[in-house]
Structures are given as C-alpha cells and as structure tokens.
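In structure tokens, the next block holds one chain alone, the form predicted on its own.
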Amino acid sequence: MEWEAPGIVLSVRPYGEADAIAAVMTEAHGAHRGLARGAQSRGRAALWQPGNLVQARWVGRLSEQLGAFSAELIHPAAALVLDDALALAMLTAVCATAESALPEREPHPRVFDGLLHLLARLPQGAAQLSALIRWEADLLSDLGYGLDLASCAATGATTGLAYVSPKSGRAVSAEGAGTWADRLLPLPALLLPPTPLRNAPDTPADWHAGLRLTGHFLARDVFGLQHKPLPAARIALYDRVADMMETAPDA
C-alpha cells in the first residue's frame, strides 16, 4: 500500500535517536501518521517542521499499519515565520489544533485547503488572525459542530447580530439578548458576511472575541468529547492576543 500527495506537516514526535512519528495532513487522506526515518537528523530536521508543505509519500505493507513517510520540501512555512513571534504562535496553534482535533485518516478537504492558504499567508502578520478564526469555525463545521450565525435565536432577525449562545451555538441580536447579554459570547463581525458599512480593519478586541468564541466550542464539543484540553499552543495564542488587546491604543 502506498500513496503520494502534497501534505502539511502537523506534528513531529521523536522516536528513537534519529527517527520521528510524523502526522501529515493531505486533502485525500486527512491527518495521517507514519514513521519518518532520519527526521531528527541534521540534514532532515528542517524538512520535518510543523507547518511545512511537503510532497509526502507513505508506504505500508497493510493500509492499517503505521507505515513510513518520505518527503520533499515544497514550501518552508516554518522557516518563514521564525523571526515573527505572533506568526509562529499562529502556525504552532493551528497545526496543534488540526493534529489533535481531526480523526486520523478521515479526509477534510475544506479544512486542508483553508489551512494551506492560511499557512502561506502567515508572514503577512496579525491580520491573518481573522483568517485563523474563520478556519477554526470551518473546522467546527466540518466536524459537525458548526455555529449557526444566520439569524437571531430569540427574534429571528438577520441583522444586528452581536452574540452567540454558549449552549446552542446560535447567534443572538443585541435586541434579543436583553438582560442576558453578559451570559453570551460576543460575536465579532469578522465571522459575519461582509457589508458595505463594515470597512474598518479588525482589531485585537475582535480577534480576542473570535478566539474566545471558537475556543469555547472547540474545548467543549471537540476536545471535551475526547477528554482532552485545548492544545497548549492554542491557549498560548489566546493569551498572546489578550495581551495585544490590553496594550492596543484604544484599549
């Protein structure tokens, strides 16, 4: 059994002195693990870095076996963000989230495509946090836990949506929230369809609200069902954005 395809390295865990167990996500094969021989060696370590896009080849005697990976580098996403702490934190967070959330060997083409485009644009900086939050919302949807942001759960209105119910995942308008507003999760505009009136750039407060929102449902519906916490890298990204919000000029 074997296959070959472009893939994103999600994780690399040491195995022995020079080898590693790698998780690589491809469009058709999902998050797939295999033995990457020599992945810790000086000549191959730069290839086997989370976030890198590689041309991966997996070989196994039987389809259910761990099998072995070989790969060639296509795009060195990890190296391109090493000098940018925020971009590196985003890369680490999305790779850890995908690796832990996705069922092994289950294809999720939309999640793969979104992650591929996000990783390619991480050097553009903080603005990519909006894309990261939308990718997490797509991940939730693909796993069967999508947010319902089409209309207000209380009034049916399709405008003025400002909150999300932490129980149902449905949007709630400012009018519909009433005295319950402090029990709801803020809904940042970046998760809603664009409108002609919304042309201001997203802010650290928007990113903080977005990460809080998607993080709540990831923690409850994805990782909670696996009896696991959110990945440490995802928590660290949230904390970093919280610091950005506190130090922003309009904070």
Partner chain sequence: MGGPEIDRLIGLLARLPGFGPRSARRAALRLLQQPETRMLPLANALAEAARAVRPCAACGNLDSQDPCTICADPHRDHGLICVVEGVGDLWALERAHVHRGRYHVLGGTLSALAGTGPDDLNVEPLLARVREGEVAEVILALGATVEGATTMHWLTERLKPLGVVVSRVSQGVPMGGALDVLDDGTLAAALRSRRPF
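Predicted model only: the values in this text are computed from it and were never measured. Residue numbers count along the first chain shown, from 1.
The form predicted together with the partner chain exists for this protein as well; it is not shown, and the discussion that follows is about that form.
Novice: Spell out, yes or no, whether the shortest heavy atom distance between A174 and the partner chain in the predicted complex is within 4.5 Å.
Specialist: Looking in the predicted complex, residue contacts with the partner chain do not include A174, since no heavy atom lies within 4.5 Å.
Novice: Does A232 reach the partner chain in the predicted complex, with heavy atoms at most 4.5 Å apart?
Specialist: Yes, contact at 4.5 Å.
Novice: With the partner left out here, check for me: in the predicted complex, does some heavy atom of T92 sit within 4.5 Å of the partner chain?
Specialist: Yes, contact at 4.5 Å.
Novice: Could you tell me if P188 has a non-hydrogen atom within 4.5 Å of the partner chain in the predicted complex?
Specialist: Heavy-atom contact with the partner chain at 4.5 Å: absent for P188.
Novice: Decide if the three candidate residues P50, A79 and A85 all line the partner chain in the predicted complex, where lining means a heavy atom within 4.5 Å.
Specialist: Heavy-atom distance to the partner chain in the predicted complex: all three under 4.5 Å.
Novice: By the heavy atom within 4.5 Å rule, which residue out of A28, L66, A219, A46 makes contact with the partner chain in the predicted complex?
Specialist: After the contact test, the surviving option is A46.
Novice: Looking at L140, L73, A131, A153 here, can you tell me which has any non-hydrogen atom within 4.5 angstroms of the partner chain in the predicted complex?
Specialist: Comparing distances to the partner chain in the predicted complex, the residue within 4.5 Å is L73.
Novice: Would you give me the residues of 152-166 that have any heavy atom within 4.5 Å of the partner chain in the predicted complex, in order from first to last?
Specialist: Result: empty, none.
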